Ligand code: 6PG
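First comes one chain, alone, set out as structure tokens in the form predicted alone.
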């Protein structure tokens, strides 16, 4: 070919195809390759026909199509497939070439690949891309980390492709090594928390209020005037969709067994690893575990029978107000947990994350986009050492205005036997951080009693041990 391509996309499933079209629409020449040649040919002859897209049938042909230093975006399944693709590419690449992993790779894998490729002179960017198929086509949120020089050379393309707000393109260099994939992992963890919060609100509306899905639509639409959140927005649309076969609300014919790809679980595990509580995010993961045990749930529900009690009488208007307030606190808490985890990870892994930038690039294009993100930017701008967004003045005020609704809702609904894993966890998160004293002194006494693990005192420095048992007379 006479003129080389600006960038190549390897992996042409729907996400990869949409990203190609987005890049091409932004004014770039794009090469594409897929291991299954028929996928490449079909894309080239249909969606990419008459566009600046150049299909490669062989990997060597694909690499040869690219300007030097070559820029290659991998849009393949995370895990071993990424390693296999990199292994196949390496003999064809030259020093200074750039690989951008656009999948949901585990951050430790990204660290390993970054170090291995750096030794071979290949620059690597672990890049989170959020927004699904629609975002890939129309503008995603892009979270790159790794070789900064590689980012600077691809910055124009990534900025042109990303979603845009008044504050700029939803992309920024986040930090060294796996910083980008770590931020994307936590993004997904927040997503798990918010999705479960919304799902529990929906569950209360159908089981306690006995509303049909179409009757819930206006509630979520009204609530979303405050949040302007993608996940709340699509909930209203989902509830309004009719199943063409049964003419019933589509949500009623969808099986209650949710799948997951692991990023939420990674976030929950990282919370444990770093000693950072993320109960709402973890609740989102646990709820999916429970949902997956469909057969067991059916069996146990038959054995246990009805374990709920009567719920005290409450007007629909009052319940709706409680749900609105609970939704607010639950969503804010999901963000607070994720951002707190990012603060800890930044210190632990030397990412030097800028949480203003993180909040900014989540403003549009991604799944957790909402109006709250601008408030978080203001909070971190006003106080770089902010230990948790729940104590930022505006957010603290809003939590205090809404926490009573969540507290009343939990106490009202629990007797009904409706599981509130995330809503209860969100309340516990706020209450635990607001507790000057916890019962951990009892835990320390117990540990010292049975294991002589010692304890600290409130009245003086040092560690202490008490002979709780008269072992000399045993």
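Positions refer to the first chain, counted from 1. Because the structure is a prediction, the values reported are computed rather than measured.
We do not show the form predicted together with 6-phosphogluconic acid, though everything after this point is about it.
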- Contact assignment for 6-phosphogluconic acid in the predicted bound form, among 377, 263, 340, 154, heavy atom within 4.5 Å: 263
- Message: Just to be sure I understand the contacts: of 235, 130, 282, 178, which is the one whose heavy atoms reach within 4.5 angstroms of 6-phosphogluconic acid in the predicted bound form?
- Response: 130
- Of these, 168-176, 221-229, 378-386, 184-192, which stretch puts a heavy atom within 4.5 angstroms of 6-phosphogluconic acid in the predicted bound form? 184-192
- Query: Is residue 303 close enough to touch 6-phosphogluconic acid in the predicted bound form, meaning at least one heavy atom pair within 4.5 Å?
  - Reply: no
- Query: For residue 259, is any heavy atom within 4.5 Å of 6-phosphogluconic acid in the predicted bound form, or not?
  - Reply: yes
- Task: Determine whether any heavy atom of residue 367 comes within 4.5 Å of a heavy atom of 6-phosphogluconic acid in the predicted bound form, and answer yes or no.
- Result: yes
- Item | Exercise: residue 288 in contact with 6-phosphogluconic acid in the predicted bound form, heavy atom 4.5 Å | yes
- Interface residues of 95-125 toward 6-phosphogluconic acid, as seen in the predicted bound form [heavy atoms, 4.5 Å]: 104
